[in-house]
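Okay, so here's just one chain, in C-alpha coordinates, the form predicted alone.
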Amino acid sequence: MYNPLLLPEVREMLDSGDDAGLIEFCTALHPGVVAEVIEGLSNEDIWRVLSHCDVNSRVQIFTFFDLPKQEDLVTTTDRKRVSALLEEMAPDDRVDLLERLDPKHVDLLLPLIAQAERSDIRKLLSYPENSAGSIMTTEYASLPQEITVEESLRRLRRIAPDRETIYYVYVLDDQRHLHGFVSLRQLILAKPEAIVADIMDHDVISVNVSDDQEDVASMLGRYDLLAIPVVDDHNCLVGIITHDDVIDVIQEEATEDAHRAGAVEPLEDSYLSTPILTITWKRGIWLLFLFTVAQGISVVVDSYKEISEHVEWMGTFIALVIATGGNAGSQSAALVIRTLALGEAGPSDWLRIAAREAAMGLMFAVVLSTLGFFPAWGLQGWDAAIIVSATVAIMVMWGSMIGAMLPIVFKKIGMDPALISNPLVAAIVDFTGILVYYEFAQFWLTPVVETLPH
(Lines give C-alpha, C1' and ligand atoms only; values in the text may rest on other atoms or scores of the structure.)
Protein backbone atom coordinates (compact mmCIF):
# COMPACT_ATOMS: atom_id res chain seq x y z
CA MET A 1 0.00 0.00 0.00
CA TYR A 2 2.95 2.38 0.59
CA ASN A 3 4.97 1.39 -2.48
CA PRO A 4 3.14 3.46 -5.15
CA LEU A 5 3.12 6.54 -2.90
CA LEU A 6 6.71 6.65 -1.65
CA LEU A 7 8.74 4.81 -4.29
CA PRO A 8 8.93 7.79 -6.70
CA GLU A 9 10.20 10.01 -3.87
CA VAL A 10 12.87 7.45 -2.93
CA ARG A 11 13.99 7.24 -6.56
CA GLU A 12 14.22 11.02 -6.69
CA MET A 13 16.32 11.10 -3.50
CA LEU A 14 18.66 8.49 -4.96
CA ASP A 15 19.00 10.37 -8.24
CA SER A 16 19.66 13.69 -6.49
CA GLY A 17 21.99 12.22 -3.85
CA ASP A 18 19.76 13.41 -0.99
CA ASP A 19 21.56 11.61 1.82
CA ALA A 20 19.71 13.44 4.59
CA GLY A 21 16.36 12.52 3.05
CA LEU A 22 17.33 8.85 2.73
CA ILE A 23 18.52 8.74 6.35
CA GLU A 24 15.21 10.21 7.51
CA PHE A 25 13.29 7.77 5.30
CA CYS A 26 15.11 4.78 6.87
CA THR A 27 14.72 5.95 10.45
CA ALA A 28 11.30 7.65 10.50
CA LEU A 29 9.28 4.76 9.05
CA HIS A 30 8.71 1.26 10.39
CA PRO A 31 11.32 -1.18 8.98
CA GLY A 32 8.55 -3.22 7.39
CA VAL A 33 7.26 -0.16 5.53
CA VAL A 34 10.77 0.70 4.33
CA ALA A 35 11.25 -2.85 3.02
CA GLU A 36 7.88 -2.76 1.27
CA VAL A 37 8.73 0.51 -0.48
CA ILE A 38 12.28 -0.23 -1.62
CA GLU A 39 11.49 -3.75 -2.80
CA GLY A 40 10.48 -2.12 -6.08
CA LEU A 41 14.05 -0.84 -6.62
CA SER A 42 16.93 -2.66 -8.24
CA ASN A 43 19.23 -4.63 -5.95
CA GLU A 44 21.95 -2.02 -6.33
CA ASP A 45 19.60 0.80 -5.31
CA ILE A 46 18.28 -1.22 -2.37
CA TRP A 47 21.81 -1.54 -1.03
CA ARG A 48 22.34 2.20 -1.59
CA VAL A 49 19.28 2.96 0.54
CA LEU A 50 20.34 0.49 3.25
CA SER A 51 23.77 2.11 3.44
CA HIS A 52 22.11 5.24 4.86
CA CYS A 53 21.07 3.59 8.14
CA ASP A 54 22.96 2.01 11.01
CA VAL A 55 23.59 -1.72 11.04
CA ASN A 56 20.74 -2.53 13.45
CA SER A 57 18.19 -0.68 11.31
CA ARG A 58 19.66 -2.29 8.21
CA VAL A 59 19.14 -5.76 9.67
CA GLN A 60 15.58 -4.96 10.72
CA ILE A 61 14.68 -3.72 7.25
CA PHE A 62 16.45 -6.62 5.52
CA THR A 63 14.59 -9.29 7.51
CA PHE A 64 11.25 -7.91 6.31
CA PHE A 65 12.08 -8.98 2.76
CA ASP A 66 10.85 -12.46 1.90
CA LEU A 67 13.51 -15.15 1.68
CA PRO A 68 13.76 -15.27 -2.14
CA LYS A 69 14.42 -11.51 -2.16
CA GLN A 70 16.99 -11.83 0.64
CA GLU A 71 18.74 -14.57 -1.31
CA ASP A 72 18.77 -12.42 -4.44
CA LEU A 73 20.21 -9.46 -2.52
CA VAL A 74 23.06 -11.32 -0.80
CA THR A 75 24.15 -13.05 -4.01
CA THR A 76 24.44 -9.76 -5.92
CA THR A 77 26.72 -7.83 -3.58
CA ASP A 78 30.18 -8.23 -2.06
CA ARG A 79 30.73 -10.84 0.67
CA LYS A 80 32.08 -8.33 3.19
CA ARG A 81 28.79 -6.43 3.23
CA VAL A 82 26.84 -9.67 3.57
CA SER A 83 28.99 -11.03 6.41
CA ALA A 84 28.55 -7.81 8.41
CA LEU A 85 24.80 -8.13 7.95
CA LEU A 86 24.73 -11.82 8.93
CA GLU A 87 26.65 -11.17 12.15
CA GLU A 88 23.89 -8.87 13.41
CA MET A 89 20.91 -10.93 12.28
CA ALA A 90 18.98 -13.10 14.72
CA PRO A 91 20.38 -16.66 14.66
CA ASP A 92 17.18 -18.24 13.33
CA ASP A 93 16.75 -15.59 10.62
CA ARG A 94 20.28 -15.92 9.27
CA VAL A 95 20.11 -19.71 9.26
CA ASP A 96 16.86 -19.56 7.28
CA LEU A 97 18.71 -17.47 4.71
CA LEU A 98 21.91 -19.52 4.64
CA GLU A 99 19.96 -22.75 4.12
CA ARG A 100 18.78 -21.34 0.79
CA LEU A 101 22.23 -20.37 -0.45
CA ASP A 102 24.58 -22.55 -2.42
CA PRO A 103 26.89 -24.41 0.03
CA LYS A 104 29.94 -23.07 -1.80
CA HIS A 105 28.71 -19.52 -1.26
CA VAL A 106 28.12 -20.24 2.44
CA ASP A 107 31.67 -21.62 2.76
CA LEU A 108 33.02 -18.36 1.36
CA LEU A 109 30.95 -16.27 3.77
CA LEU A 110 31.61 -18.13 7.04
CA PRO A 111 35.33 -17.21 7.37
CA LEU A 112 34.34 -13.53 7.27
CA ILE A 113 31.98 -13.93 10.24
CA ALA A 114 33.10 -13.71 13.87
CA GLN A 115 33.99 -17.03 15.53
CA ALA A 116 31.09 -17.02 18.02
CA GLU A 117 28.47 -16.40 15.32
CA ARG A 118 30.18 -18.86 12.98
CA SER A 119 29.96 -21.66 15.55
CA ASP A 120 26.33 -20.82 16.22
CA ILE A 121 25.54 -20.93 12.49
CA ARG A 122 27.20 -24.33 12.02
CA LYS A 123 25.28 -25.77 14.98
CA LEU A 124 21.90 -24.51 13.78
CA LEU A 125 22.57 -25.64 10.21
CA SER A 126 23.22 -29.16 11.50
CA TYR A 127 19.64 -29.67 12.70
CA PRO A 128 17.14 -31.42 10.40
CA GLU A 129 14.85 -29.26 8.32
CA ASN A 130 11.46 -28.51 9.94
CA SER A 131 12.74 -29.58 13.36
CA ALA A 132 12.62 -27.46 16.51
CA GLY A 133 16.37 -26.97 16.25
CA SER A 134 16.10 -25.50 12.76
CA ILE A 135 13.76 -22.66 13.84
CA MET A 136 15.05 -21.85 17.32
CA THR A 137 17.23 -18.92 18.34
CA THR A 138 20.13 -19.15 20.75
CA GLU A 139 19.66 -15.58 22.01
CA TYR A 140 17.81 -16.40 25.22
CA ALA A 141 18.14 -15.01 28.74
CA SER A 142 19.30 -17.29 31.54
CA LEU A 143 20.17 -17.02 35.22
CA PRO A 144 21.64 -19.25 37.95
CA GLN A 145 19.19 -20.24 40.66
CA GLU A 146 21.18 -19.12 43.69
CA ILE A 147 21.31 -15.34 43.03
CA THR A 148 18.89 -12.71 44.31
CA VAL A 149 16.18 -10.93 42.36
CA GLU A 150 18.09 -7.66 42.63
CA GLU A 151 21.18 -9.22 41.05
CA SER A 152 19.00 -10.91 38.41
CA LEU A 153 17.53 -7.61 37.27
CA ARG A 154 21.02 -6.07 37.03
CA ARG A 155 22.16 -8.93 34.82
CA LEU A 156 19.07 -8.72 32.62
CA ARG A 157 19.61 -5.00 32.03
CA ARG A 158 23.12 -5.80 30.85
CA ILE A 159 22.26 -8.68 28.48
CA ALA A 160 18.82 -7.51 27.26
CA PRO A 161 20.06 -5.71 24.10
CA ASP A 162 21.52 -8.98 22.78
CA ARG A 163 18.56 -11.22 23.57
CA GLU A 164 15.52 -11.93 21.42
CA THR A 165 13.22 -11.78 24.44
CA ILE A 166 13.67 -11.42 28.18
CA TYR A 167 10.07 -11.97 29.23
CA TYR A 168 10.93 -15.58 30.08
CA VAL A 169 14.25 -16.11 31.87
CA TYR A 170 15.47 -19.69 32.15
CA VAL A 171 17.19 -20.98 35.26
CA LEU A 172 20.23 -23.16 34.51
CA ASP A 173 23.07 -24.82 36.38
CA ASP A 174 26.74 -24.75 35.34
CA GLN A 175 26.17 -27.54 32.78
CA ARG A 176 23.20 -25.62 31.33
CA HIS A 177 20.64 -28.14 32.56
CA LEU A 178 17.18 -26.57 32.62
CA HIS A 179 15.74 -26.43 36.15
CA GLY A 180 12.98 -23.88 35.79
CA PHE A 181 12.03 -20.47 34.52
CA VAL A 182 10.92 -17.12 35.87
CA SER A 183 9.01 -14.39 34.05
CA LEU A 184 10.07 -10.77 34.03
CA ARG A 185 6.80 -9.94 35.77
CA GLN A 186 7.68 -12.29 38.64
CA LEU A 187 11.09 -10.66 39.01
CA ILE A 188 9.66 -7.16 39.07
CA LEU A 189 7.01 -8.04 41.65
CA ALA A 190 9.33 -10.08 43.89
CA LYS A 191 11.26 -8.66 46.81
CA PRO A 192 14.84 -7.65 45.85
CA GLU A 193 16.37 -10.00 48.43
CA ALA A 194 14.35 -13.03 47.27
CA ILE A 195 16.30 -15.93 45.74
CA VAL A 196 15.53 -16.98 42.16
CA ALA A 197 15.21 -20.64 43.18
CA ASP A 198 12.37 -19.71 45.56
CA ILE A 199 10.22 -17.86 43.01
CA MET A 200 10.90 -19.80 39.80
CA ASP A 201 8.46 -22.26 38.21
CA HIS A 202 9.86 -25.79 38.29
CA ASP A 203 7.30 -27.27 35.90
CA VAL A 204 8.87 -26.24 32.61
CA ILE A 205 7.11 -27.01 29.34
CA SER A 206 9.84 -27.67 26.80
CA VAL A 207 10.42 -29.40 23.47
CA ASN A 208 13.25 -31.57 22.21
CA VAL A 209 15.58 -30.22 19.58
CA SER A 210 14.47 -32.94 17.15
CA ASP A 211 10.69 -32.42 17.58
CA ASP A 212 8.71 -31.48 14.49
CA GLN A 213 8.08 -27.75 14.13
CA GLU A 214 4.34 -28.32 13.68
CA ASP A 215 4.19 -30.11 17.05
CA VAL A 216 6.11 -27.22 18.61
CA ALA A 217 3.64 -24.68 17.21
CA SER A 218 0.73 -26.74 18.53
CA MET A 219 2.27 -26.96 22.01
CA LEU A 220 3.08 -23.25 22.23
CA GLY A 221 -0.48 -22.40 21.22
CA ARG A 222 -2.01 -24.94 23.59
CA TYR A 223 -0.25 -23.46 26.64
CA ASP A 224 -0.47 -19.78 25.51
CA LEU A 225 3.29 -19.23 25.75
CA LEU A 226 5.30 -16.36 24.30
CA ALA A 227 8.33 -18.63 23.93
CA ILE A 228 9.18 -22.25 24.56
CA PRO A 229 12.61 -23.67 25.56
CA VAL A 230 14.35 -26.23 23.36
CA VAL A 231 16.46 -28.88 25.11
CA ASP A 232 18.68 -31.73 23.97
CA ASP A 233 18.48 -35.36 25.08
CA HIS A 234 20.27 -34.46 28.34
CA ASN A 235 17.80 -31.68 29.22
CA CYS A 236 20.39 -29.00 28.47
CA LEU A 237 18.95 -25.77 27.11
CA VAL A 238 20.12 -25.13 23.54
CA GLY A 239 17.70 -22.42 22.44
CA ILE A 240 14.19 -21.04 22.48
CA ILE A 241 11.39 -20.71 19.93
CA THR A 242 9.43 -17.47 20.12
CA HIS A 243 5.82 -16.79 19.18
CA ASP A 244 6.75 -14.86 16.01
CA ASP A 245 8.65 -17.88 14.69
CA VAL A 246 5.67 -20.09 15.49
CA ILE A 247 3.38 -17.77 13.53
CA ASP A 248 5.66 -18.30 10.52
CA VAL A 249 5.46 -22.06 11.04
CA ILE A 250 1.66 -21.97 11.30
CA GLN A 251 1.41 -19.96 8.09
CA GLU A 252 3.81 -22.31 6.33
CA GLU A 253 1.97 -25.44 7.47
CA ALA A 254 -1.44 -23.95 6.65
CA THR A 255 -0.19 -23.06 3.16
CA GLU A 256 1.14 -26.59 2.64
CA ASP A 257 -2.18 -28.09 3.76
CA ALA A 258 -4.12 -25.74 1.46
CA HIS A 259 -1.92 -26.68 -1.50
CA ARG A 260 -2.23 -30.39 -0.81
CA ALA A 261 -5.99 -30.09 -0.34
CA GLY A 262 -6.10 -28.81 -3.91
CA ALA A 263 -3.79 -31.58 -5.20
CA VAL A 264 -0.72 -29.35 -5.60
CA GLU A 265 2.72 -30.22 -4.25
CA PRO A 266 3.50 -27.41 -1.74
CA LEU A 267 5.50 -24.45 -3.02
CA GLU A 268 8.59 -23.38 -1.08
CA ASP A 269 8.17 -19.71 -2.00
CA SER A 270 5.22 -17.49 -2.81
CA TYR A 271 3.20 -18.13 -5.96
CA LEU A 272 4.60 -15.10 -7.82
CA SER A 273 8.18 -15.83 -6.70
CA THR A 274 8.12 -19.45 -7.88
CA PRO A 275 9.23 -20.12 -11.49
CA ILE A 276 6.45 -21.20 -13.85
CA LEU A 277 8.22 -24.48 -14.66
CA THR A 278 8.44 -25.34 -10.96
CA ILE A 279 4.73 -24.74 -10.41
CA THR A 280 3.94 -26.68 -13.58
CA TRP A 281 5.89 -29.66 -12.26
CA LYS A 282 4.32 -29.53 -8.81
CA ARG A 283 0.82 -29.34 -10.28
CA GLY A 284 1.57 -31.75 -13.10
CA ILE A 285 2.47 -34.66 -10.81
CA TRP A 286 -1.00 -34.69 -9.29
CA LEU A 287 -2.76 -33.91 -12.56
CA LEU A 288 -1.05 -36.87 -14.19
CA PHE A 289 -2.09 -39.17 -11.34
CA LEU A 290 -5.69 -37.94 -11.37
CA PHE A 291 -5.75 -38.20 -15.16
CA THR A 292 -4.68 -41.83 -14.86
CA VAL A 293 -7.50 -42.48 -12.38
CA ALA A 294 -9.95 -40.79 -14.76
CA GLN A 295 -8.72 -43.05 -17.55
CA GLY A 296 -9.41 -46.01 -15.28
CA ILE A 297 -12.96 -44.76 -14.79
CA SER A 298 -13.34 -44.55 -18.57
CA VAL A 299 -12.16 -48.14 -18.91
CA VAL A 300 -14.67 -49.28 -16.28
CA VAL A 301 -17.51 -47.44 -18.02
CA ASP A 302 -16.51 -48.98 -21.34
CA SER A 303 -16.57 -52.47 -19.81
CA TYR A 304 -20.29 -51.96 -19.14
CA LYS A 305 -21.08 -50.65 -22.61
CA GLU A 306 -23.49 -53.52 -23.37
CA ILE A 307 -25.82 -52.63 -20.52
CA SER A 308 -25.37 -48.93 -21.29
CA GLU A 309 -26.46 -49.50 -24.89
CA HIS A 310 -29.60 -51.38 -23.90
CA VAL A 311 -30.45 -49.27 -20.81
CA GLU A 312 -29.85 -45.87 -22.30
CA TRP A 313 -30.76 -43.86 -19.22
CA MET A 314 -27.78 -45.27 -17.28
CA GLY A 315 -25.48 -42.54 -18.62
CA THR A 316 -27.90 -39.81 -17.58
CA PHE A 317 -27.30 -40.29 -13.85
CA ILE A 318 -23.54 -41.10 -13.80
CA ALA A 319 -22.53 -37.55 -12.81
CA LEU A 320 -25.15 -37.45 -10.04
CA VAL A 321 -24.05 -40.74 -8.51
CA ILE A 322 -20.27 -40.25 -8.51
CA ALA A 323 -20.29 -36.51 -7.68
CA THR A 324 -22.44 -37.02 -4.58
CA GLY A 325 -20.12 -39.67 -3.16
CA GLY A 326 -16.99 -37.66 -4.05
CA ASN A 327 -18.36 -34.51 -2.41
CA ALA A 328 -19.24 -36.39 0.78
CA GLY A 329 -15.74 -37.90 0.88
CA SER A 330 -14.07 -34.51 0.35
CA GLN A 331 -16.05 -33.00 3.20
CA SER A 332 -15.11 -35.80 5.59
CA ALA A 333 -11.44 -35.63 4.59
CA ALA A 334 -11.32 -31.87 5.16
CA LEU A 335 -12.85 -32.17 8.63
CA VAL A 336 -10.68 -35.07 9.79
CA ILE A 337 -7.43 -33.64 8.38
CA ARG A 338 -8.00 -30.39 10.26
CA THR A 339 -8.97 -32.26 13.42
CA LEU A 340 -5.72 -34.25 13.28
CA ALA A 341 -3.69 -31.11 12.55
CA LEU A 342 -5.07 -29.33 15.61
CA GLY A 343 -4.40 -32.35 17.82
CA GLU A 344 -8.08 -32.66 18.72
CA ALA A 345 -7.98 -36.36 17.82
CA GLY A 346 -5.45 -39.00 16.82
CA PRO A 347 -5.29 -42.44 15.18
CA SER A 348 -6.46 -44.00 18.44
CA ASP A 349 -9.78 -42.19 18.01
CA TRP A 350 -10.51 -43.87 14.68
CA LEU A 351 -13.48 -45.83 16.04
CA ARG A 352 -15.21 -42.71 17.38
CA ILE A 353 -14.59 -40.89 14.11
CA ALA A 354 -15.84 -43.87 12.08
CA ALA A 355 -19.01 -44.05 14.20
CA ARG A 356 -19.70 -40.34 13.74
CA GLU A 357 -19.11 -40.51 10.00
CA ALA A 358 -21.31 -43.60 9.71
CA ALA A 359 -24.12 -41.79 11.52
CA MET A 360 -23.78 -38.66 9.41
CA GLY A 361 -23.37 -40.72 6.25
CA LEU A 362 -26.60 -42.57 7.04
CA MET A 363 -28.51 -39.33 7.52
CA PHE A 364 -27.10 -37.86 4.32
CA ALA A 365 -27.87 -41.11 2.50
CA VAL A 366 -31.53 -41.02 3.53
CA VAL A 367 -32.00 -37.39 2.51
CA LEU A 368 -30.03 -37.44 -0.75
CA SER A 369 -31.30 -40.81 -1.95
CA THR A 370 -34.86 -39.59 -1.35
CA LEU A 371 -34.16 -36.42 -3.29
CA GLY A 372 -32.67 -38.52 -6.10
CA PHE A 373 -35.51 -41.04 -6.15
CA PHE A 374 -38.35 -38.82 -7.36
CA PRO A 375 -36.58 -37.08 -10.29
CA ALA A 376 -35.27 -40.45 -11.52
CA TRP A 377 -38.75 -41.94 -11.18
CA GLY A 378 -40.30 -39.05 -13.05
CA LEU A 379 -37.74 -39.17 -15.85
CA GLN A 380 -37.09 -42.88 -16.34
CA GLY A 381 -39.44 -44.88 -14.16
CA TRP A 382 -39.29 -47.27 -11.20
CA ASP A 383 -36.11 -49.15 -12.07
CA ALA A 384 -34.09 -45.97 -12.55
CA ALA A 385 -35.40 -44.55 -9.27
CA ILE A 386 -34.38 -47.64 -7.29
CA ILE A 387 -30.93 -47.92 -8.86
CA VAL A 388 -30.08 -44.23 -8.58
CA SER A 389 -31.35 -43.76 -5.02
CA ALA A 390 -29.70 -46.95 -3.76
CA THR A 391 -26.37 -46.13 -5.39
CA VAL A 392 -26.45 -42.57 -4.05
CA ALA A 393 -27.10 -43.91 -0.53
CA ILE A 394 -24.26 -46.43 -0.77
CA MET A 395 -21.78 -43.90 -2.21
CA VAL A 396 -22.54 -41.17 0.32
CA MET A 397 -21.83 -43.57 3.18
CA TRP A 398 -18.81 -45.07 1.43
CA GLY A 399 -17.40 -41.64 0.54
CA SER A 400 -17.83 -40.39 4.10
CA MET A 401 -15.95 -43.38 5.51
CA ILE A 402 -13.16 -43.27 2.92
CA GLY A 403 -12.66 -39.53 3.39
CA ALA A 404 -12.47 -39.94 7.17
CA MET A 405 -10.35 -43.08 7.42
CA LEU A 406 -7.64 -42.38 4.82
CA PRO A 407 -6.15 -39.37 6.73
CA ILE A 408 -6.09 -41.48 9.92
CA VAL A 409 -4.28 -44.29 8.12
CA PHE A 410 -1.71 -41.84 6.77
CA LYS A 411 -1.22 -40.36 10.24
CA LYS A 412 -0.79 -43.84 11.72
CA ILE A 413 1.98 -44.80 9.28
CA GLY A 414 3.80 -41.49 9.83
CA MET A 415 2.74 -39.66 6.67
CA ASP A 416 1.15 -36.22 6.44
CA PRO A 417 -2.67 -36.61 6.45
CA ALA A 418 -2.87 -33.53 4.21
CA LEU A 419 -1.58 -35.70 1.36
CA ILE A 420 -5.17 -36.95 1.14
CA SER A 421 -6.30 -34.15 -1.15
CA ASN A 422 -9.92 -33.50 -2.01
CA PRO A 423 -9.39 -34.41 -5.69
CA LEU A 424 -7.72 -37.67 -4.61
CA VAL A 425 -10.62 -38.65 -2.37
CA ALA A 426 -13.08 -37.69 -5.09
CA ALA A 427 -11.16 -39.76 -7.66
CA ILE A 428 -11.14 -42.86 -5.42
CA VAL A 429 -14.84 -42.54 -4.64
CA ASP A 430 -15.66 -41.84 -8.29
CA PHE A 431 -13.87 -45.00 -9.38
CA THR A 432 -15.67 -47.18 -6.85
CA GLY A 433 -18.93 -45.33 -7.51
CA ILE A 434 -18.95 -46.36 -11.15
CA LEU A 435 -18.44 -49.99 -10.14
CA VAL A 436 -21.23 -49.88 -7.55
CA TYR A 437 -23.59 -48.10 -9.95
CA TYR A 438 -23.23 -50.59 -12.78
CA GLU A 439 -22.99 -53.68 -10.62
CA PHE A 440 -26.14 -52.75 -8.71
CA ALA A 441 -27.87 -51.99 -12.01
CA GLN A 442 -26.91 -55.43 -13.33
CA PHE A 443 -28.20 -57.03 -10.14
CA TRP A 444 -31.50 -55.14 -10.21
CA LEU A 445 -32.02 -55.49 -13.95
CA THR A 446 -31.11 -59.18 -14.09
CA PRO A 447 -33.96 -60.08 -16.46
CA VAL A 448 -32.85 -57.32 -18.81
CA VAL A 449 -29.18 -58.22 -18.53
CA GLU A 450 -29.86 -61.88 -19.32
CA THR A 451 -31.43 -60.89 -22.62
CA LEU A 452 -28.33 -58.97 -23.73
CA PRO A 453 -26.26 -60.55 -26.50
CA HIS A 454 -22.95 -62.09 -25.40
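Sequential numbering from 1, following the sequence displayed. This is a predicted model, so every value here is computed, not measured.
Another form, the form predicted together with another copy of the chain, is not on view; read the next lines as being about it.
A.B. asks: Just give me the single entry in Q380, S131, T148, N208 that has a non-hydrogen atom within 4.5 angstroms of another copy of the chain in the model of the complex.
C.D. replies: If I apply the 4.5 Å criterion carefully, the residue I get is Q380.
A.B. asks: Please tell me which of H259, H105, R81, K123 lies within 4.5 Å of another copy of the chain in the model of the complex, judged by heavy atoms.
C.D. replies: For this set of options, the contacting one is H259.
A.B. asks: Examine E71 and determine whether its closest non-hydrogen atom to another copy of the chain in the model of the complex is within 4.5 angstroms.
C.D. replies: Because no heavy atom of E71 falls inside 4.5 Å of another copy of the chain in the model of the complex, the answer is no.
A.B. asks: Verify the contact flag for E36: yes if a non-hydrogen atom of it lies within 4.5 Å of a non-hydrogen atom of another copy of the chain in the model of the complex, no if not.
C.D. replies: So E36 counts as contacting another copy of the chain.
A.B. asks: Are any of the heavy atoms in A114 no more than 4.5 Å from a heavy atom of another copy of the chain in the model of the complex?
C.D. replies: No, no contact at 4.5 Å.
A.B. asks: Does another copy of the chain get within 4.5 angstroms of any non-hydrogen atom of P229 in the model of the complex?
C.D. replies: So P229 does not count as contacting another copy of the chain.
A.B. asks: Looking at heavy atoms inside 4.5 Å, which stretch does another copy of the chain contact in the model of the complex, given the options 231 to 239, 331 to 339, 83 to 91, 123 to 131?
C.D. replies: Going by heavy atoms within 4.5 Å, the stretch is 331 to 339.
A.B. asks: Using a 4.5 Å cut-off on heavy atoms, what residues in 395 to 432 are near another copy of the chain in the model of the complex?
C.D. replies: Read in sequence order, the residues that approach another copy of the chain (within 4.5 Å, in the model of the complex) are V396, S400, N422, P423.
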